[in-house]
Ligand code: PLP
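Heads up, the chain below is alone and in the form predicted on its own; it's given as structure tokens.
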Amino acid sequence: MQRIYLDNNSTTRPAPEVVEAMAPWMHERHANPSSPHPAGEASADAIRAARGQVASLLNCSPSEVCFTSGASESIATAFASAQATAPEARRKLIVSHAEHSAVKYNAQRAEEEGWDLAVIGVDEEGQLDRERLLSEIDSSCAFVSLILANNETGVLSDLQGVGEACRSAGASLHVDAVQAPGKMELDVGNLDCDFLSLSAHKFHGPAGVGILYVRSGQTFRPLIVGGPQEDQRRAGTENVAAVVGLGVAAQLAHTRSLDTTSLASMELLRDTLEQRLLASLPGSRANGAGSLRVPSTSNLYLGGLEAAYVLAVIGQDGVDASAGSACNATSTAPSPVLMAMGRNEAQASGSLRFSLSAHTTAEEIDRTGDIVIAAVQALRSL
């Protein structure tokens, strides 16, 4: 049985081009990029090339790209830097209720350490309360961290004017853009942000490597010290193979993000699955469908069933999906994002996420529809 993988927001399969590019750097081309000999210089050149590929994806300078172990480290670094460099009078941090746990946990830790934390609500379609957000960005604010594309619902946050408000107030803005590459055009100038985080395994690169964009001129303090790597922004010998893979993945994602036909095809597949399930399963609902979303993500309440039961049944029939963030997969609590959107516990616990990639086919979507409908109908009949 050929399995259907619809959990791409959790992780993606590395692209063949990525695997091919990485292979030499895990074998004969293994030198430390800080070494002065020709082999070391070749490794350093490979890292420079990857930095340029990421810069093209983000429309920034290569010098603004810092390689990390992934988005969790990037986010923690942005938080720690903002806290360490903030003037004494600035003790406020701002996040939203729709953030990934990597942001929420850093915000909660800061609050435990005495920082003032403002958490901005979202409406039933997952959109930020912009009026409250902008009112909270004042002279007491040091740092704002907001998600661009929600990992559970795909909802795109309206960040227009937030960067300008932060700059006017003297605060810095971090954008969690982890779910965006390859699904929309990314431009740090348009986002008007000071920091931005990405993780390669979310856009067909390897796991264990990511980036932190740091705007040129931004006051910065590294989280990991002990060496001069990454222009003294992140100590530790670089994982050359992973960085090379990230660079190729970034190049591929940049190409896809500009391919409007490919993005429209992905959106059509998403909508086809969504509309079929909603039409066939009374009482179901698409969470966040009233907002702009990335074209890859559908979050569906299937009406009165625990998501875990549905996932178990469709998993036996060959469909891999999820009930939300993989980082919270071991928790039995309902989705905090859906609860923030006004869903009750039953609705938040009974919603499934189907996340597509550029490699998802129409045949897979048709078969998924058959499998999910049959599973839900069978479970409802019990």
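Numbers follow the displayed sequence, beginning with 1. What you are looking at is a predicted structure, and each value in this text was computed from that prediction instead of being measured.
The same protein has a further form, the form predicted in complex with pyridoxal-5'-phosphate (PLP), not shown here; the description that follows concerns it.
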- Item | Triplet A76, K104 and C193 all within 4.5 Å of pyridoxal-5'-phosphate (PLP) in the model of the complex via a heavy atom | no
- Would S284 count as touching pyridoxal-5'-phosphate (PLP) in the model of the complex under a 4.5 Å heavy atom rule? no
- Query: Is H100 a contact residue for pyridoxal-5'-phosphate (PLP) in the model of the complex, using a 4.5 Å heavy atom cut-off?
  - Reply: yes
- Item | Distance check, S72 to pyridoxal-5'-phosphate (PLP) in the model of the complex, heavy atom within 4.5 Å | yes
- Item | Proximity of H201 to pyridoxal-5'-phosphate (PLP) in the model of the complex, heavy atoms at 4.5 Å | yes
- Message: Can you work out which of L93, V240, I147, L212 has a heavy atom no more than 4.5 Å from pyridoxal-5'-phosphate (PLP) in the model of the complex?
- Response: I147
- Task: Work out which of S81, S296, N151, S157 lies within 4.5 Å of pyridoxal-5'-phosphate (PLP) in the model of the complex, going by heavy atoms.
- Result: N151
- Item | Proximity to pyridoxal-5'-phosphate (PLP) in the model of the complex (heavy atom, within 4.5 Å), stretch among 217-225, 178-186, 121-129, 286-294 | 178-186
- Applying a 4.5 angstroms cut-off on non-hydrogen atoms, the residues of 270-291 near pyridoxal-5'-phosphate (PLP) in the model of the complex are none
